[in-house]
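Below, in structure tokens: the form predicted alone, a single chain.
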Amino acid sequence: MRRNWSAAALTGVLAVSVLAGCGGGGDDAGSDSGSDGKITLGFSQVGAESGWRTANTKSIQESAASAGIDLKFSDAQGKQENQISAIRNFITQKVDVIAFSPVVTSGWDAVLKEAKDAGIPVILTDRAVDSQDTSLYKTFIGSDFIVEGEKAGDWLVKEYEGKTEPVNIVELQGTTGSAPALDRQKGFAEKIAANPNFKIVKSQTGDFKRADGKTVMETFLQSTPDIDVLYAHNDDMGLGAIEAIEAAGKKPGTDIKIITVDAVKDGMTALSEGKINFIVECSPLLGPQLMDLVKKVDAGEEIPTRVLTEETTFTQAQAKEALPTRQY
């Protein structure tokens, strides 16, 4: 069901040079604003912590090139202070629009007010902020992370329907304080709360990283040998956990059922092989929608304050069917 516009909008890339910043730390990936009448977009990315994030960066860079938008790209490398500095640099450079995916939810009011005072509209992508002053940004485009957590919980409830034995669950959380970590935890917990057999016995951040997912899962296995289910907030942590589970002599997907979020190719491959049992999709291909919003904001048009992305879920059979044409 992936958006029909995604494939079309990602074709005909006009400038290969824009791609050089993918996952990197450079501040600039476009020409100076104003000389050619093009819109200049300053975009600050969280980092390159996962396959999802890399695909998200590529989508934004390719879509900017296709749309004829000059892109100034900055990689925050997972640090809020880097992101705030990048936004201030964009303000100094007098870009037309600023977009960013916040590392964490809190602590943005001051820099967003600086952008507002400079007359530069801001668009939030992928992750929200907790500011009470919604006039500091024009819109938020991204997923409903609570719903993603609910979908994961719904699958688990259905999977154990009619069974009475205790179910020990371990949870690999995303980056502490980030919107997807908070919301995916909340949605999942609310869905399983009605069943007293479900118990989250361990919950710890893996920072959305594969290596950290493996390390944390190793500690889970050592301290809690009786684990029935793993809920990982993204595919990469789940894939790292699979390595730890296999090293411990257990069979992922069978001895320990695994639920993840994202549906990147590596995760979908593991799902198709039965190593993951269920994946909730969170598409990284936000670039085309973002460029459309950038053009409308720059033109002074009214836009929705919340733009949701469409998402689905995948079982093993559905993953096998989807993999041959998977874009990320």
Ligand code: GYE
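Note that the coordinates shown come from a computational prediction; the quantities given were computed from them, not determined experimentally. Residue indices: 1-based, along the sequence shown.
Just so it is clear, the following notes concern the form predicted together with this ligand, a form of the same protein that is not shown.
Undergrad: Identify, from the list 100, 208, 188, 90, the residue with a heavy atom within 4.5 Å of this ligand in the predicted complex.
TA: Answer to the contact question: 208.
Undergrad: Here the chain is shown alone; which of 145, 108, 231, 220 has a heavy atom within 4.5 Å of this ligand in the predicted complex?
TA: Of 145, 108, 231, 220, the residue with a heavy atom within 4.5 Å of this ligand in the predicted complex is 145.
Undergrad: Decide if the three candidate residues 151, 171 and 277 all line this ligand in the predicted complex, where lining means a heavy atom within 4.5 Å.
TA: No, the candidate spot makes no contact with this ligand.
Undergrad: Look at the stretches 267-275, 42-50, 292-300, 59-67 and give the one with heavy atoms within 4.5 Å of this ligand in the predicted complex.
TA: Selected range: 42-50.
Undergrad: Taking heavy atoms only, is residue 282 within 4.5 angstroms of this ligand in the predicted complex?
TA: Residue 282 belongs to the contact set for this ligand.
Undergrad: Examine residue 127 and determine whether its closest non-hydrogen atom to this ligand in the predicted complex is within 4.5 angstroms.
TA: So residue 127 counts as contacting this ligand.
Undergrad: Contact with this ligand in the predicted complex for residue 252, defined as at least one heavy atom pair within 4.5 Å: yes or no?
TA: Residue 252 lies outside the contact set for this ligand.
Undergrad: For a quick check, can you give me the residues of 248-263 that have a heavy atom within 4.5 Å of this ligand in the predicted complex?
TA: The stretch 248-263, when checked against this ligand in the predicted complex, contributes only 262 at the 4.5 Å heavy-atom cut-off.
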